[in-house]
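Below you will find one chain, with nothing else, as C-alpha cells; this is the form predicted on its own, and questions on how it binds or moves follow later.
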C-alpha cells in the first residue's frame, strides 16, 4: 500500500460559489462526515483535516535571509488550500477513484493528489533519517 495526499483546493471563483451556495456548515459536516466514514469503513483513511479560514493564518516568507511573517492569506491568491485527506491505497488510480467520490463540486474546486514517499525511500545511512525512523517506531507510526 502507498500513501497519497488528497489536497482540497479552491480558486477564488470556487470559494465564492461555495459561500453563496446556501450550504450550511452542518450540511458540509454531514457530507464530509459521510465521505470520511466511507473511507474508514474501506480501511484507507490515515488522516484528514480541514483548515481554518486563510485570513486567520500567517505566511512565513523565506525569500530574504531573515524569514518574514505576514498576516492573512497569500499575497496573490489564485487557489487556496482548504484541507486534506491522507489515504493508504494500492495505487494512484485508487486514490483518484476516492477523490472522485469526495463531496466537492463546482467551478474552481479541485483535489490535487500527491504520493507520500515512505521513509524507506530515503537514505538509511543519513543520521536524521535514522532518528526520524526511531521516532516513528516509538510513536507507533511504523
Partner chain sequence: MAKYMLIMRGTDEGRADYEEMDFSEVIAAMGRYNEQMMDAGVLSAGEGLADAAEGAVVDFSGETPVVSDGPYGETKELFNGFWILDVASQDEALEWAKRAPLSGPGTKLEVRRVHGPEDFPADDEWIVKEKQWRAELGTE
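Positions refer to the first chain, counted from 1. Bear in mind the structure is a predicted one, so any value in this text is a computation, not a measurement.
Below: the form predicted together with the partner chain, not depicted.
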property: Close approach of residue 87 to the partner chain in the predicted complex, 4.5 Å, heavy atom; result: no
property: Contact test in the predicted complex: residue 30 vs the partner chain, heavy atoms, 4.5 Å; result: yes
property: Contact of residue 42 with the partner chain in the predicted complex (heavy atom, 4.5 Å); result: no
property: Contact of residue 18 with the partner chain in the predicted complex (heavy atom, 4.5 Å); result: no
property: The partner chain in the predicted complex - contacting residues of 16-47, heavy atom within 4.5 Å; result: 25, 26, 29, 30, 33, 34, 36, 37, 40, 45, 46, 47
